[in-house]
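Here you'll find one protein chain in two forms, each presented separately as structure tokens under the names structure 1 and structure 2.
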Structure 1
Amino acid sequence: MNDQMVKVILLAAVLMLVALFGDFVYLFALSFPVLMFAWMFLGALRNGSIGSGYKASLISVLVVWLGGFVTMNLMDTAAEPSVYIGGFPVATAIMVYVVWILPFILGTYAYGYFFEKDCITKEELKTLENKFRKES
């Protein structure tokens, strides 16, 4: 699983490189969120697998990023806006309230919420600490 995630990172990085030099905005908008997602996913893997809470959390963040960046690119931001949501034109509201704030709940808050289930349990930590103590 770790090797597969690294291959995803490599593929996304190559696509980003192509997008940067070819000025392919949509390719960039699709590839860099995938790279960031795969890297976080790799970090959340434990011995090759991932807890369901972290998995759902990270996939949600990916969906927000992909949806947000592609949608913002599709919108005409040079036209005078007629609708304002929460103080901003629609595309900017997506930027502020979806791409900026929502990942705080889906990714950052979720890290703490699922920590003891998906990151490390107290028993696992005690076992590890005992092992390190013995070895040192």
Structure 2
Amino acid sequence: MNDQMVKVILLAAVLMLVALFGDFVYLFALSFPVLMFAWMFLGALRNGSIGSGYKASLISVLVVWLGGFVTMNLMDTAAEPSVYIGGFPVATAIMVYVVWILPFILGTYAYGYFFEKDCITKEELKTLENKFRKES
């Protein structure tokens, strides 16, 4: 699994470079979220597998990023904005509220909710609880 994720990261990074030098905005809009997803997926792997909570969280973040980046590229940002959301033009509001804040909320929620299931074994949790009891 690790080798596959490293290959995905490498491929996405190459596609990002091609997109930047070739001015292919949609290729960049697709390759950047995939690179970030693969990077976070690689970090969440534990003993070659990933917990179901983290997997669902990372996939939801990927969908949010892909949707946000592609939507921003589909918009006509050259025209004077007539609609504002939360004080920002629509494309900027999508970047701030959807691409930045929504994944932060999703990731933080999933990390906390699935921490005991995905991040720590019951034995590690008991050892940690015993250590805290002895120190307090």
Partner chain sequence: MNTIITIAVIYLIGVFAIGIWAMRRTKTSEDFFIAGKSLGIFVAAMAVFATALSGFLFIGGPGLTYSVGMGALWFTFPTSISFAMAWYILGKRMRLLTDATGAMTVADAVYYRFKSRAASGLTGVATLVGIVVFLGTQVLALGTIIAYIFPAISVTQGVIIGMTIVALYSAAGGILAGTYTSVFQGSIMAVGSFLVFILTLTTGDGLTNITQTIATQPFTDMGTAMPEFVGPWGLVGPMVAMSWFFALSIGIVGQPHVVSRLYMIKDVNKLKWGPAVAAVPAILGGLLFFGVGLVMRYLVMTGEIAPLANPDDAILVFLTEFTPPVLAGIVLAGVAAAIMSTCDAFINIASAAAVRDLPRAFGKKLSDKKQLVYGRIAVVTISVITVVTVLQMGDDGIALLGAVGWGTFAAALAPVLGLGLNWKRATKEGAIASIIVGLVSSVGFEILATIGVYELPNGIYIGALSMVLSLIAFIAVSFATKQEQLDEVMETVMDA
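This is a predicted model, so every value here is computed, not measured. C-alpha atoms forming the largest set that superposes within 1.5 Å between two forms make up the rigid core. Structure 1 provides the reference sequence; residues are numbered from 1 along it.
Remark: the form predicted alone is the source of structure 2; structure 1 originates elsewhere. After superposition on the rigid core, the Cα atom of residue 20 is displaced by less than 2 Å between structures 1 and 2. Core-superposed comparison between structures 1 and 2: the C-alpha position of residue 117 differs by less than 2 Å.
Annotation: Cα of residue 10 displaced by less than 2 Å between structures 1 and 2, core superposition. Comparing between structures 1 and 2 on a rigid core frame, one finds that residue 81 has its C-alpha moved by 4.6 Å.
We note a C-alpha movement of 10.1 Å at residue 128 between structures 1 and 2, with the rigid core held in register.
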